[in-house]
Each structure stands twice: as C-alpha cells, then as structure tokens.
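Form predicted alone, single chain, as structure tokens, below.
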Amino acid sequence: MEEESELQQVARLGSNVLVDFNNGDRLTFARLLPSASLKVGNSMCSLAPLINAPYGSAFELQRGSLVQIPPPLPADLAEAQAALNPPADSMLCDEPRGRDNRSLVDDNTAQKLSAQDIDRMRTDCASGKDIVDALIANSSTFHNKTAYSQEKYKKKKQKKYAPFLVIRRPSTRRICEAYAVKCPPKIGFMRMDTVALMLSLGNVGAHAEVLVMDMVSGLLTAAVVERMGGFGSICSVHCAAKPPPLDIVGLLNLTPSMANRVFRVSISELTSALARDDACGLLKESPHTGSAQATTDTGVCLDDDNNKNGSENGTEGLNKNAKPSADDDLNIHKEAEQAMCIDTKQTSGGDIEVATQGEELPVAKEDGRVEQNVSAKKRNSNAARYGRKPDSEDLSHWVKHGFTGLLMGAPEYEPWSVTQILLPLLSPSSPFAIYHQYLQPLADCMHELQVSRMAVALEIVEPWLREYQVLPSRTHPHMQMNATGGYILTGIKIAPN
C-alpha cells in the first residue's frame, strides 16, 4: 500500500492529469504520453517533461518547451500577500486621499518598449518574468496606479508573456468543478457540495453495496468509487440497450482493485432476477400451484412463456420527461456520446479540452498498408472499459440481500418511473438520494412514495453554497455564484407489507 500511495503522488506514464493554467484561468485534461502535446500560449508543447513529475509541479514555457519552475502561490493567497505587503511607493493606508486612476488615459503611449524590443528579448532567451519586469520598468503610468491596479496589470502581462501551468491529480471534486465551469449540462448542473451531500445521505462508505443510476457522465459513479476506496461493490444500472458513457470515471487514475468493483448491468436484468427470486419463493410457499406465474412489486409479470421478453418488461414503466419511445432513448445516448466535450481536441464554445495524443493507433487495410487513424469510438474505449458485467453469483447476492443504498442522477427521466423499479432492489431500512435539477419532478415522486408507503423520512433538500473572497478589507461573497445546485429527494426504504 505504501508503494501504491507513493505512485499516486507522481504523474506516471499513461495517467490522466488536470492541467491548471495560470491559477484557474483555464483547465484542461490530458493523458501523459511521450507523443502527447498541449497548446500553451500560441505554441504546441510536448507533455514529455510532465511524466514522472510530482503532482503540484509547475512548468513554464521557455524556448518552445516546458521547463519546471518553483510552484507559485495560489491566486487568493498571492493577492492577500500583495495586499498585506504592498510596495512602499503604493501604500494606500498612509495616504488619506490616496491615488486613483482618474488621470490615466489608455492611449498606448505609456509603454516605452516596442513590439520589436519584446521580440528581441524573446530571441535572446529571456524568461517571461524578465519580460514582465521590463514592461513594468518601462511603463510611465505603472507607479501612478493603485496597488490593486498594479497587481491586475502584473497578472495581465504574466498571462501573456509568462504563462505557466500546474499539473494536478484528477479527483472527483476537481473534475466536478472543472465541468461546472466549462460544460455544466454534461453533469446535470450538479455542484460538488450536491455530490458530497448525496454521498452522505446515501450512506456511502467502505464495504457498502451501492446501486447507482448515473446519467451525468459518470460523476456519481466516480464519487462513489473514490469514497469506497476499492472495498464494496458499485452497481451502475442503465435502461437503454447501450449503456451511457462513464467518461469521468475514465479520468480518475483508478487502481485495478478499485476499477474491478464497478459493475454495469441493465435494469431489466436486475428486475428479471428479482422476479425469478420472488417466483421461487411463491412456489415454495404454495407447492400445489399449477403455473409458475408471479407478479413482483415492480409490476413485472414472470411466466414461462414470457421469460424471453423479460428485458422489455423490466423497463416497461420507465418514462422520460417527454415520454419518448425506446428508439428515441437510444438516439439520446448517441447524441450524448457525440456531444461529449471531453472527447474533443479543442473547442471554441468554452468546453473542456483534452490534449491531442500525437501517435494514433494503426489500422491495417486490406492491401497490407497501415493507416494511422483512430475513430471516436476507440477514443472512448478508455472510459468504456470501466464497469464489468456481474456474474450470476453477484446478481443472486444482490437480489437476496439487497443493496445498502441508492444514488440516482437521471435528469432525463421522471424520478418516480425509475424509483418504483429500483426501490424494491434495496434492502429494508436502506437510504436513497435522488437528484434532479428542478423541484416539481421530485415533489411528484415524493407524493407517490407517500401514497404507496414505500419509504419513510422523506425530505427534499436544496444544497446551499456561498463562496467568500477573504482579503484584507475586502472580505465579501463572490460577485458571481450559482443560484442553485439542484434538489435532492432523500428517504429510507421500508419493507413491504
């Protein structure tokens, strides 16, 4: 375990990393390969220097390549230190009247250095810090600005002439925050505090048997896997013929022991196994019954002639918000895979980027020639391989003992249509947490649960989060925040009468 923990602190060959540009200015996911490249500034740089570097290492672009530098301070800490220890010529507290920017005119005449001078410094292999210091020294208006304006000027020039990046280990929190900034629809507009609250309400921990319905790009599944640490089982269910992608799970550098605890199975298989188990119990209680027909709590009718159609009956009561057909369900999953911003090389709409892989897998042609080509499906194979199919022993164990918790994040479906099928799979007194972006679908589901008497302690929770800027004389909430992080319906399943 010690060797494994040490390896997790280093960005190994083939592992995924979160690249943080300029303290949160831009976030990019990259896979470390010798042939991989990444756009830094206006040039493409190889990611080979990042291999075997400790997480948290900082790199700067020098002469077209990435060079490791001492890690800079976080943005909020650097700004706080700058406010506590401003330069002697920019002290504001000692000047009652103080300086202001009223007399400053942006007419492009304050800077004495020309573009040719800056290019000459770059040709002479000057570092980005030297260029920024030269720009400050040759600015005629820099010393007349306020301390806050000076810090803003430094940041602006540093992003342009001295960009740096920091490699960070992908975790559920960092991935969720990156998606929330770049493409929140892919994760159902979930915040990290919402995910953490669902893990707590669902009683997710080591040695648990968790049932997960994840239609938010694998965010819930990744959070459960990371929380359980390879102890227990995670059953990710789906209702379509083709399971939805778990791209976020693929971004985590999971160990084999953690990845092997993720199972993927369709709802029809679980309901069919539950129906068979209930039918066997009824046959044992009434041995003189002439037929082997039984009806489960989920409304699935089991008959000798209808066993072949179990997969269709298992999801008969499952409806989406717009009540589409099964073909529309498959088309939605196809569109979701095609629109996943995590698979694109570079996007212009603000989506999350992924570094290009450089070398592509060779594809053999009929004439013997080898073509360097990779389709989108092969790129998705890294994320699709997580989640193996359970065997009969696992299914029988889950049906006999039940799951210890349920987490559901499927904004495309009506919560009640899914809950009435998945809730009988839980063991009695097991908690569940259902997420939805809007309140009314959860209110309808809560009413149905109360009428059917399937659960107790029902409650709809709205996560509340307010981020604060903590700086000397400037401590206040952030100017821009999310209005809501969705709603969570939680409760405890009770045994049927």
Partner chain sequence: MLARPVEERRETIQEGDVVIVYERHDRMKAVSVRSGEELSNRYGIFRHADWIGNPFGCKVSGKAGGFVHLLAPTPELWTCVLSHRTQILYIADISFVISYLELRPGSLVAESGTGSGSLTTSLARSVAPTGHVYTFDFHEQRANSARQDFVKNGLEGIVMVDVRDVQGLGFPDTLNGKLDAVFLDLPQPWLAIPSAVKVLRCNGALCSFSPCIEQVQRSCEALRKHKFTDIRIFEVLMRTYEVREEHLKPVQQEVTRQETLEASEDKLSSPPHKKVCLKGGTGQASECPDTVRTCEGLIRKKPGFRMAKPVPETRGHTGYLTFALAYTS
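Residue numbers count along the first chain shown, from 1. Computed from a predicted model, the values in this text were never measured in an experiment.
One more form of this protein, predicted in complex with the partner chain, exists but is not displayed; see below.
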Original post:
the partner chain isn't shown here, but in the model of the complex, which of 153 to 161, 227 to 235, 101 to 109, 138 to 146 has heavy atoms within 4.5 Å of it?
Top reply: 227 to 235
**OP:** Flag A36 as yes or no: does it have a non-hydrogen atom within 4.5 angstroms of any non-hydrogen atom of the partner chain in the model of the complex?
**Re:** no
**OP:** Indicate whether the partner chain has at least one heavy atom within 4.5 Å of a heavy atom of P71 in the model of the complex.
**Re:** yes
Subject >> Contact of F21 with the partner chain in the model of the complex (heavy atom, 4.5 Å) >> reply: no
Subject >> Non-hydrogen atom contact D117 with the partner chain in the model of the complex at 4.5 angstroms >> reply: no
Original post:
Looking at R122, H207, K389, K129, which is the one with a non-hydrogen atom within 4.5 Å of the partner chain in the model of the complex?
Top reply: H207
**OP:** Select from the listed residues C183, V399, L113, M258 the one whose heavy atoms reach within 4.5 Å of the partner chain in the model of the complex.
**Re:** M258
**OP:** Would you mind checking 460 to 484 for residues with a heavy atom within 4.5 Å of the partner chain in the model of the complex?
**Re:** I460, V461, E462, P463, W464, L465, R466, E467, Y468, V470, L471, P472, T475
